[in-house]
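Shown here is one chain on its own, the form predicted on its own, set out as structure tokens.
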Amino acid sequence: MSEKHDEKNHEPFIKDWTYVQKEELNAESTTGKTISYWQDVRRRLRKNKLAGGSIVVIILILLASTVGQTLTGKSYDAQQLSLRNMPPVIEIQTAEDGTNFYIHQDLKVFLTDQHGFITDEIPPVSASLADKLFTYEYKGKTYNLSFSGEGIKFEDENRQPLPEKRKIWNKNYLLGTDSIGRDLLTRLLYGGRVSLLVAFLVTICTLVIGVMYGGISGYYGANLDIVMMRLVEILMAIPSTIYIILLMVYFGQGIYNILIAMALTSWLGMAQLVRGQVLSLKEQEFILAAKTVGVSPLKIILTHLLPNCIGPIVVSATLSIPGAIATEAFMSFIGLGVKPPMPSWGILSNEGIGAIRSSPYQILLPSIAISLTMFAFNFLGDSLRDAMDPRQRK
């Protein structure tokens, strides 16, 4: 009787219960999908249009510097003196019979086609420097080239200007030539390869030397830290450019020499940064636990400390690349960098400064390349710093 009584008492309660449906299993879940730190960094970088634009510009510059010279079909040191100081944009003058002429600032007359390809140079049949008049003959017709303080004039035999003038892109040399007839586009692309190679290799040396030096100094501390940091402060008391100039004077010009000189002085700031990060991390519980179980100091530094300060290291390395580009350009500009005829952006700027009034494009082009690359890396570094700041996580 008692069992039946119990069943009757529980029967109304049993009727109140129903089976849980699949769609109701997570009905009380109030948290979204968990994302890791690096996933959050990538998410914020994708939202940052400036970072995206900087990455695109950097990739394009790297691709152009890597494969650009092979696409131009010209050598960076090939000279053609008859075509020196050719501008990127030329003015074509067309005669009545359809012949196209290009008048160079060096008082030379070239034949061109309608698309902007220079085909040949016409020699003068007579030249009078006293009268400032050159005479040319082509296809039975006579043309006169006169020059004065008002500029250069190219006229027909009746001393009348040709009926048509138009400006068109120089198809022979898309960015013109330098003072000895070398293709500026090829030299600019190859110079980018040299400048970026120096910058990236110097940054790698900065990471290897600075990270290990700062990690060891910060981890061991005590007297070793004092000695190591005093050495860094002594070296930083004198600008690094002075060290580089002295080393380049001693070693001489060359790409390997400037790599060595810049690598020996570029790691000081990175060492201070890493040391500060390690000092703030080494007393935390996970480091004490690693010491307790007998993990070696080198393994603690490499597998526990450095991975936890990777954010500031990546940002600092990214921002050090434009600094290395500027330093290499400056050293090459003053004649202590890459050895000519090998081009770099600094050498191209040095060569263009002499023609800044007559051919300003020769210094403008490498200056734009340097500025664009430095802006792109600086913007990327600033965006990485914002994206890796844990205080901005939402």
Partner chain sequence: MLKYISKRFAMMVITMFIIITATFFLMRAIPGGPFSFDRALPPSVEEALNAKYNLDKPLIEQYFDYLLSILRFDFGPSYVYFGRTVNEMIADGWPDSAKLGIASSILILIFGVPLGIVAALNQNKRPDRAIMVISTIGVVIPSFVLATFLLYFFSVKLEILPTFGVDSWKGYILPTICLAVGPICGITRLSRSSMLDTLSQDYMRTAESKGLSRSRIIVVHGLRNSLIPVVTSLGMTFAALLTGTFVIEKIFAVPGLGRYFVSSITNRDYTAVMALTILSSAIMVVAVFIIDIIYMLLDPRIKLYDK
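Numbering follows the first chain given and starts at 1. Note that this is a predicted model, so its numbers are computed, not measured.
There is another form of this protein, the form predicted in complex with the partner chain, and it is not shown here; the text below is about that form.
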Completion exercise
Testing 190-198, 290-298, 270-278, 248-256 against the partner chain in the model of the complex with a 4.5 Å heavy atom criterion leaves exactly one stretch, namely 248-256
Practice task
May I ask whether Glu233, Arg357 and Pro360 each come within 4.5 Å of the partner chain in the model of the complex, counting any non-hydrogen atom?
Solution key: yes
Handout entry: the partner chain contact at Asp382 in the model of the complex, heavy atom, 4.5 Å
Key = yes
Handout entry: the partner chain contact in the model of the complex: Gln69, any heavy atom under 4.5 Å
Key = no
Handout entry: Leu364 within 4.5 Å of the partner chain in the model of the complex, heavy atoms
Key = yes
Exercise for the section: Please run the contact check for Ser65 against the partner chain in the model of the complex: heavy atoms, 4.5 angstroms, yes or no? Expected result: no
Exercise for the section: Could you spot which one of Met342, Ile368, Leu45, Val57 gets a heavy atom to within 4.5 Å of the partner chain in the model of the complex? Expected result: Ile368
Exercise for the section: Identify, from the list Ala237, Ile204, Ile226, Leu81, the residue with a heavy atom within 4.5 Å of the partner chain in the model of the complex. Expected result: Ala237
Problem - Any residue of 332-356 that, in the model of the complex, places a heavy atom within 4.5 Å of the partner chain - result: Phe333, Ile334, Leu336, Ser349, Asn350, Ile353, Ile356
